[in-house]
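Only one chain is included here, represented as structure tokens and corresponding to the form predicted on its own.
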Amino acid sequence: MVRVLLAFAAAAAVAVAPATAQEWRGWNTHGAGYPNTVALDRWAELAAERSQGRIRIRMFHSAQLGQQDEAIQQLRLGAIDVANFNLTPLNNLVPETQVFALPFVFRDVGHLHRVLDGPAGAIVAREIEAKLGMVVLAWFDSGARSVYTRNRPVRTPEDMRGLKIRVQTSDLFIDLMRALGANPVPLPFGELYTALQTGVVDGAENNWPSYEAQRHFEHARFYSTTEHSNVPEIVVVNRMRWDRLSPQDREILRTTAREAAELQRRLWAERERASREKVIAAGVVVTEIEDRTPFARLMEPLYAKYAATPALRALLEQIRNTQ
């Protein structure tokens, strides 16, 4: 009887071994101390703790596994298991994400969060999963994006004319800069510091923490609060990995990702204030744009182009109607 019980126990241990040894590779472009990095590390801790070690996420920060476009392909193929992506590089692959990237579509941060956590966010998440094989677990804040330049401040759209402005790999952002009269230059984020330093580009557009953390302010010392876009970020898992999880572990992974998102949003708000203060102390000239109407007026062709179908127009209307 003892031998039978021992044999049964050994067989059971072998049977559950795959479920107890899941080490996942995670991608993140940001470095140590960044709100996203802190939140993702906390997510890994919570997931391991609540799954009793069944899910172990090893995050590779600072784009160690490649730039974002490369990481998107790796995740789709299963070489990376989880990641935190900005939504913009997905615009050309999932049309619904373009609506979230439209300029001036969100009224403020509170409106953004209510949209992401509501029906509109669920619609976009389903489309990302269906088209790319990524399961969206949570939404991160990415702040308002504004223009920063090397040689002169931007006060009006006329000041943008002829400037070479770095953008992400997105038709929408290319069209956005063209609508403002600038020359868009698609460029990997990791190459931007050198491009600003050498004058390959005249400026870029991003949020306060990225501008500060990547030290872009050292070579682009004019920051203008155009706040033209509030593109959110996603926390995703490879669909094949997801499908192999038990319902219990799926719930653990989703719940802990949302808790990490709550932490990230709090840290983000704190970091925005701190980053702004830091670059101003370093001598950055901030141009506060109180009336963004002249910029927003030029965006109507983008709304016509990127919300052209009935489904996309309905999604846009749902965003606008979110209180």
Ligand code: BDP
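Counting begins at 1, following the sequence as shown. Worth saying up front: this structure is predicted, and the values here are computed from it rather than measured.
The following text describes the form predicted in complex with beta-D-glucopyranuronic acid, which does not appear among the structures shown.
- At a distance threshold of 4.5 angstroms between non-hydrogen atoms, Thr256 is out of contact with beta-D-glucopyranuronic acid in the predicted complex.
- Contact annotation: Phe217 falls outside 4.5 Å of beta-D-glucopyranuronic acid in the predicted complex, judged by heavy atom distances.
- At the 4.5 Å threshold, heavy atoms of Gln168 reach beta-D-glucopyranuronic acid in the predicted complex.
- For the chain shown alone, Ser146 is not a contact residue for beta-D-glucopyranuronic acid in the predicted complex, no non-hydrogen atom being within 4.5 angstroms.
- Of the residues given (His30, Arg42, Arg276, Arg54), His30 alone sits with a heavy atom within 4.5 Å of beta-D-glucopyranuronic acid in the predicted complex.
- Interface residue among Asn238, Asn206, Ser224, Asn91, judged by heavy atoms within 4.5 Å of beta-D-glucopyranuronic acid in the predicted complex: Asn206.
- Note on the interface: of 194 to 202, 109 to 117, 75 to 83, 160 to 168, the segment with non-hydrogen atoms within 4.5 angstroms of beta-D-glucopyranuronic acid in the predicted complex is 160 to 168.
- Residues of 207 to 241 placing a heavy atom within 4.5 Å of beta-D-glucopyranuronic acid in the predicted complex, in sequence order: Asn207, Ser210, Glu233.
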